[in-house]
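Here you get one chain, nothing else, as structure tokens; it is the form predicted on its own.
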């Protein structure tokens, strides 16, 4: 097993994941996964389909239960399922998730303003909702003109900004972004990634990026964890891991990115050799 963060809930870590495992029948989707996210930091979990990265994210958020292991936020363990409405809301204020397809995560029947107001009503019933909604829309670069729009009247990038605003509404310590820009055009991806960088600088929120895209990892994360078959095979500072990867799988991911001189036959041979090993 490679050197990697221990997952201990040390001071300065907003999120600590220790020894997570999750099996579905005979398949170990997550196998002894540990990492930490520093306050205000940005950590990428990268791997191909079936690597276990999304299952790990769902366990962190609370959408899946681990068979073993622990998730700690700000030093507080998140054991089992939340009991009662107050605990569910408290957990939601710790970690929020932004999904790949914002259209599926937004109610198509209600306006942007109504979606944000509903979230604020649940978590901050005594807040000045109108003022906070205006602040959130401004924070994600939409402005109040988008408030009356239904999701179907917005572009993909605008819908993702709404999803980000809704996540920010509860003032979470950690935002998990599961392939959050994968469905967007390249130019829109860049705009949303720049927006997320600005939000992190302004708020100190921590990001957990789940992605297969090494370009996203390179541009917006400080640390990276590489997963294969449910296990961490490499971890460390993003710049160092991408510049000089130690594990053959990390090297294969980097070499699989099309560029001048790219040889798909050589990549396929390397993939077969790795599978055989």
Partner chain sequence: MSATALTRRPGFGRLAAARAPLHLISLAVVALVVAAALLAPWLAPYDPNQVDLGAALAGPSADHLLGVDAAGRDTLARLLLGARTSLLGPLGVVAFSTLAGIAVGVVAGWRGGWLDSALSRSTELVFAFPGMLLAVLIVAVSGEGLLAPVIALAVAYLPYVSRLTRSLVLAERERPYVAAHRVQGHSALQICLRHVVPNIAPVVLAQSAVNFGYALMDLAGLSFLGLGVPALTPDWGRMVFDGQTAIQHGYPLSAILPCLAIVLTVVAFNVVGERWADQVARRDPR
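Computed from a prediction, not measured in an experiment: that's the story for all the values here. Positions refer to the first chain, counted from 1.
Beyond what is shown, the protein has a form predicted in complex with its partner chain; the following relates to that form.
A.B. asks: Going by heavy atoms within 4.5 Å, which of 196-204, 96-104, 124-132, 137-145 lines up against its partner chain in the model of the complex?
C.D. replies: Of the options, only 96-104 has residues within 4.5 Å of the partner.
A.B. asks: 239, 252, 39, 63: which sits within 4.5 Å of its partner chain in the model of the complex by any heavy atom?
C.D. replies: Selected residue: 63.
A.B. asks: For the three residues 92, 166 and 170, verify that every one has a non-hydrogen atom within 4.5 Å of its partner chain in the model of the complex; reply yes or no.
C.D. replies: All three within 4.5 Å in the model of the complex.
A.B. asks: Do residue 189 and its partner chain share at least one heavy atom pair within 4.5 Å in the model of the complex?
C.D. replies: So residue 189 does not count as contacting its partner chain.
A.B. asks: I'd like to know if residue 108 sits close to its partner chain in the model of the complex, meaning any non-hydrogen atom pair within 4.5 angstroms.
C.D. replies: Answer yes; at least one heavy atom of residue 108 falls within 4.5 Å of its partner chain in the model of the complex.
A.B. asks: With heavy atoms only and a cut-off of 4.5 Å, decide whether residue 152 touches its partner chain in the model of the complex.
C.D. replies: It does: once its partner chain is placed as it appears in the model of the complex, residue 152 has a heavy atom within 4.5 Å of it.
A.B. asks: Can any non-hydrogen atom of residue 119 be found within 4.5 angstroms of its partner chain in the model of the complex?
C.D. replies: Yes.
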